[in-house]
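As a starting point, one isolated chain is supplied in C-alpha cells, in the form predicted on its own.
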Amino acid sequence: MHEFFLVKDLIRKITSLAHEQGASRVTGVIVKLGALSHISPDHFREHFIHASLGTVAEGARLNIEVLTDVTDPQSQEVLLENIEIYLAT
C-alpha cells in the first residue's frame, strides 16, 4: 500500500510540472530508485501504469534507474529525475 501512495504522489508532481509547462501530455518519465527504497523496478512500473491512468502521464515511457549505493543520502528515496512533455500547437 505504501508504494501506491508513493507513486500517486509522484504522479501529482508530474501533473503539476506538466501543467506549469503548458503540456498536454507527458511522453516520458525518468526516475531513480534508491538502493534502500524497497521497491523493485517491476513493482514500481506496475504501480506507475495503474496510477497514471486518466492523467497526463498515461502511456508515458518509463525509464527506471536503480541506484546501488546504500550510503547515498538519498538511498531511501524515489527521485523524479526528468519528464518529457508534449506541447500541443
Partner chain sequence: MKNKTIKVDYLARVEGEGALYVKIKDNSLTDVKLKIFEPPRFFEAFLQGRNYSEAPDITARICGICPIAYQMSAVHAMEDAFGVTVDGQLRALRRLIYCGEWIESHALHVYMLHAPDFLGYTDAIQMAKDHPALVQRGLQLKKAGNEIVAFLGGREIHPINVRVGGFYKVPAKRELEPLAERLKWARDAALETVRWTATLDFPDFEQDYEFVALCHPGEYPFNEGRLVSNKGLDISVRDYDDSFVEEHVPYSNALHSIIKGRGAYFVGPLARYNLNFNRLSPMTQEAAHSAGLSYVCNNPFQSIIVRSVEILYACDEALRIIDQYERPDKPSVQVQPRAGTGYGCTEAPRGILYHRYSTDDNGVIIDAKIVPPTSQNQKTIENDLWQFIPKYLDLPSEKLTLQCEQAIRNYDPCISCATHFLKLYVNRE
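A quick note: this is a predicted structure, and the numbers were derived from the prediction, not measured. Numbering follows the first chain given and starts at 1.
The same protein has a further form, the form predicted in complex with the partner chain, not shown here; the description that follows concerns it.
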Notebook entry, point to check: Does the partner chain get within 4.5 angstroms of any non-hydrogen atom of R45 in the predicted bound form?
Noted result: no
### Query
Quick one: is L17 in contact with the partner chain in the predicted bound form, heavy atoms, 4.5 Å cut-off?
yes
message = E81 versus the partner chain, in the predicted bound form: is there a non-hydrogen atom within 4.5 Å?
response = yes
Hey, in the predicted bound form, is L36 touching the partner chain, heavy atoms inside 4.5 Å?
yes
Contacts from 46 to 82 to the partner chain in the predicted bound form (any heavy atom within 4.5 Å), listed N to C, are E46, H47, V70, T71, D72, P73, Q74, S75, Q76, E77, V78, L79, L80, E81, N82
